[in-house]
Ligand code: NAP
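One chain comes next, on its own, written out as structure tokens in the form predicted on its own.
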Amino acid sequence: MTVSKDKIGFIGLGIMGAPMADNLIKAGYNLVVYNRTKSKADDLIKLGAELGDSPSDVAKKCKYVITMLTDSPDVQQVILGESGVLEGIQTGSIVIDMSTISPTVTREINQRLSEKSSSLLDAPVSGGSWGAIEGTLSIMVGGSKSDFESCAHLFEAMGKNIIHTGSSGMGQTTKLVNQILVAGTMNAVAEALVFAAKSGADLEKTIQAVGGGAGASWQLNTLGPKLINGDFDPGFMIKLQQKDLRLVIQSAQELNVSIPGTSLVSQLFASLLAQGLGDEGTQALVKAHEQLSNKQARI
């Protein structure tokens, strides 16, 4: 792969952003990074990254600017707010938002950037912190095909399954489809394992038996063993999953689409948030089912 000499901006160095930026450096890119809590950039600076003074400063120095933030208001503030990316954007620049946010907000930001002769790719990811660290994320990209092709080399440094899904906002829409599937499947795994535990089944052998058949899933085979061992460290936090489900429900309401299963899972996650468990991994959804059935699914 031929590495571009252009500096790459990266804004947002949390549980996902930091390892993604690290993989870009390992691939040979020169990064200008920014994070509201500056200490989160320390490790990347040791690897050779430059610290930007603000999102605007990053945009002044970089033709490509990647953002990896928590929610729609955060992305709006960083790109459109005071000292934001829009203030420093160069003509012909591409902003790549890899956060999971509202498709409607995405299209609004793309319109604002187009007024400055620049553009937005919405490129949310799936694969959790493990995928971010290993560089194996699935990346679903909305925006122009030419912009997608010009940024392919960047995506390849961070992920493996990289798909251009359509026009602006369609990357976010595809990510919401992913979150419907992820939440529903995690709920099925949690429900099934509590049923197995209450029935007296060997949980390890149960996962081995059904994990090779039609009921197999990433959640079962990867998070199932963590769940039964009481390992609730997050690859993806409950509070972030719930934020994504809020986006799903909002979009479904706009479209008049019925999503009863997803709405139910959101309520179960809400019960865990009420107990202060928002920083645990999504496999902790099993705790809601354990409470309902008065039975723990542990070995």
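Because the structure is predicted, anything quoted here is derived from the model rather than measured. Residue positions are given as counts along the sequence shown, with the first one as 1.
Beyond what is shown, the protein has a form predicted together with the named molecule; the following relates to that form.
- Heavy atoms of residue 36 reach within 4.5 Å of the named molecule in the predicted complex, making it an interface residue.
- A residue is said to contact a partner when one of its heavy atoms sits within 4.5 Å of a partner heavy atom; residue 66 fails this definition for the named molecule in the predicted complex, lying far away.
- Among residues of the shown chain, residue 106 is not one whose heavy atoms approach the named molecule to within 4.5 Å in the predicted complex.
- The named molecule is not shown here, and in the predicted complex it never comes within 4.5 Å of any heavy atom of residue 228.
- Of the residues given (185, 77, 144, 221), 77 alone sits with a heavy atom within 4.5 Å of the named molecule in the predicted complex.
- The contact with the named molecule in the predicted complex, taken as any heavy atom within 4.5 Å, belongs to 237 out of 237, 51, 27, 259.
- Only one segment in the set 120-128, 153-161, 196-204, 83-91 has residues whose heavy atoms sit within 4.5 Å of the named molecule in the predicted complex; it is 120-128.
- Residues 99, 100 of 88-121 are found to place at least one heavy atom within 4.5 Å of the named molecule in the predicted complex.
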